[in-house]
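Next comes just one chain, in structure tokens: the form predicted on its own.
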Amino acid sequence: MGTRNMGNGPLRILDSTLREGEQFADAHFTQADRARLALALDASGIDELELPSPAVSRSATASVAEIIQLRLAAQVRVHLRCHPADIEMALAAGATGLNLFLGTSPALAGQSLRRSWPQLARQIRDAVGLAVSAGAFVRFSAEDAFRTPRPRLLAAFDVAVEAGARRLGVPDTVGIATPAMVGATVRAVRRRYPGLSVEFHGHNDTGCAVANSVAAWEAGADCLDVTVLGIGERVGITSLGGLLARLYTLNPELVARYRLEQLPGLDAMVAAMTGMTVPFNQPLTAAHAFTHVAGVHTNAVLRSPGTYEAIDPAVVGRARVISVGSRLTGRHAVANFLAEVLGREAAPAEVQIATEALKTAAEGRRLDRAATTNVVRAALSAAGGN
């Protein structure tokens, strides 16, 4: 099954772990962390990396310059306010891709920035014009796009396009959008600016980030923002693994150029850097992402893995696990386990004895492999077997 994209180019994934990701409350990357992450993301085949503004801190200034000097295959973008000083600092650090943003919703423009529309328009025009005059690739993003009235959103984009922006960002800044809302807005932007790149950045406040990113792609966005593990401001944004998993199940060719087998290492790296474990429900890389427990499931998976697996674990360098240390275990899983333990096919009576013993032993707790092995050996020995 495939998925259609109404845009004018192939999918590009922009990883913002080094910018949005560091806005996660528990993230604090050192300069060495940032360089290591940049190299790992580049090795995974990511198309673009987004870095923080050099104006954020002295270490950010140094990191931007250092990462640009790495000469990565991924294109480097620097996330900037529409402030001349920010733009000049990024250019001085060697940046050639500038991701400008400005709040356009009533909540941000009127209450936070306290700007009238003429003031906003002038700020967009001046900032984009300055960046373009320096020869930079410019994306202009209308922050809080989904709480910005459509006429105001398109008017802001008109100003940016007239000033020379080559990509338009449509961010769901507070995670309020639904896939239907994202599709409608991205289609409107795509129709109005058919020759430009369109980028989507989706926050996960209501759990829709991955679904919204796919809706944006199908509606014509050709650049989707992610972070490793989905970390970012508040509860984060679209996760790299979640997006790749979703797109792979729609059409593996969409993500064929990305090295999915490197995802477990990337997720583990960022988890370690932020002092957490990989979340239990992280697509593809969670500890039990490919572990099967219930008897009905294990029986089916042993016969044909695709019955209960949307993605072959080997695609991401993982292995399938058939768990038998549970009161939910079934005879087929136990027979498979006994064949490994005994080095031969178990007799039906042995399977029955071992299954009953395991269900009893696992009534109060889940058994690990060592405990499972001890239980079945003890049960078979007591019954006069091996």
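This structure is a prediction, so every number in the text was calculated from the model and none was measured. For every residue, the number given is its place in the sequence shown, counted from 1.
The form predicted together with a small molecule is left out here; the points below concern that form.
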Find the only residue in T298, S239, N212, S141 having a heavy atom within 4.5 Å of the small molecule in the predicted bound form. S141
Using heavy atoms only and a 4.5 Å cut-off, determine which of F101, Y193, Y258, F137 is in contact with the small molecule in the predicted bound form. F101
All of R19, Q23 and P171 within 4.5 Å of the small molecule in the predicted bound form, heavy atom check: yes
Segment assignment from 250-258, 268-276, 141-149, 183-191: heavy atom within 4.5 Å of the small molecule in the predicted bound form: 141-149
Taking the small molecule as it sits in the predicted bound form, is H292 near enough to touch it, meaning that at least one heavy atom pair lies within 4.5 angstroms? no
Is the gap between R77 and the small molecule in the predicted bound form 4.5 Å or less for some heavy atom pair? no
4.5 Å heavy atom contact, H203 to the small molecule in the predicted bound form: yes
